[in-house]
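Take a look at this single chain, the form predicted on its own, given in structure tokens.
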Amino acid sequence: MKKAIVILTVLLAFVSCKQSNSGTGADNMVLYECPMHCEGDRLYEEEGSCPVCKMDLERVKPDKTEKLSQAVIPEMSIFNLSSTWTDQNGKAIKFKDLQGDVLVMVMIYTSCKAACPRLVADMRNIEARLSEEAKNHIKMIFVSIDPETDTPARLKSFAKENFMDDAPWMFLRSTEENTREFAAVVAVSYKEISPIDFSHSNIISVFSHNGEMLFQQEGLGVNSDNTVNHINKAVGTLKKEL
């Protein structure tokens, strides 16, 4: 109950910012797809070639893109947060740029030797239980609670070390203020206990394609059946809207 109150309070504080954020992210979304649909309905954010058949990706027809970008963002959506983040490739993004995918998010720091490796394993186990079709509509995201150490270069290196340097994996960092803000939204508490160590909550959160929190898994090595079920259900809902 306390967790729900924290999430509700933080998100409501950003509802008033919703209108001023309307000109960013998905409003200008340009997506690409494989002409042979080798990976089903998977959409790509950048031009290039299909990783399967190597054919050039084609720009998605405007009606499909507009359907995603014009979807109403609920008041309780994390897409109402205006903070800017940097991914492992140095690309600046806002949460609203992630609209259109189901999000599975967890907060870690890469120098952690205790709980975080187990959270990484939990995320990997969840991903392994999802179908290839479902993975086309999902982003599995690690948010750093140690932005000073976890530079984009460090996150990139960590991703490669853990064989997570490709979709659906994503690593994000931002300012200390933005990190604290997001932690409050997902009810994660953390505290620096030494220059290289933090104590922190162990929570994996599932968000809908419109940024609404659907489910939270708390603990290490816990049964992830409910998490996987909520992800698959969210993907099913998304596909009906495409």
Partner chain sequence: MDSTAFRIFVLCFLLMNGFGYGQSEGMAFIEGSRYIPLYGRDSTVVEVKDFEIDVYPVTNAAFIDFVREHPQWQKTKVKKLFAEGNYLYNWKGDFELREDVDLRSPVTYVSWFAAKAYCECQGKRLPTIDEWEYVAMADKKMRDARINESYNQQILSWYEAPKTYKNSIGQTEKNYWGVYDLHGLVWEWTLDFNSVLISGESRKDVDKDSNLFCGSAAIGATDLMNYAAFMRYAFRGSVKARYAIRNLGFRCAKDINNIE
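The structure displayed is predicted, hence computed values, not measured ones. Positions refer to the first chain, counted from 1.
Not pictured, yet referred to below: the form predicted in complex with its partner chain.
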Candidate from Met164, Val120, Ile126, Cys112 lying within 4.5 Å of its partner chain in the predicted bound form - any heavy atom: Cys112
Partner proximity in the predicted bound form: Met55 to its partner chain, non-hydrogen atom cutoff 4.5 Å: yes
Contact test in the predicted bound form: Asn80 vs its partner chain, heavy atoms, 4.5 Å: yes
Close approach of Ser208 to its partner chain in the predicted bound form, 4.5 Å, heavy atom: no
Any non-hydrogen atom of Arg59 within 4.5 angstroms of its partner chain in the predicted bound form: no
Output flag, Gly48, Leu172 and Ser224 jointly within 4.5 Å of its partner chain in the predicted bound form, heavy atom basis: no
Partner contacts for 159 to 197, taking its partner chain in the predicted bound form and a 4.5 Å heavy atom cut-off: Glu177, Arg180, Glu181, Ala183, Ala184, Val185, Ala187, Val188, Ser189, Tyr190, Lys191, Glu192, Ile193, Ser194, Pro195
Cα distance between Pro51 and Ala121, which in the predicted bound form differs by 3 Å or more from this form, closer or farther: farther
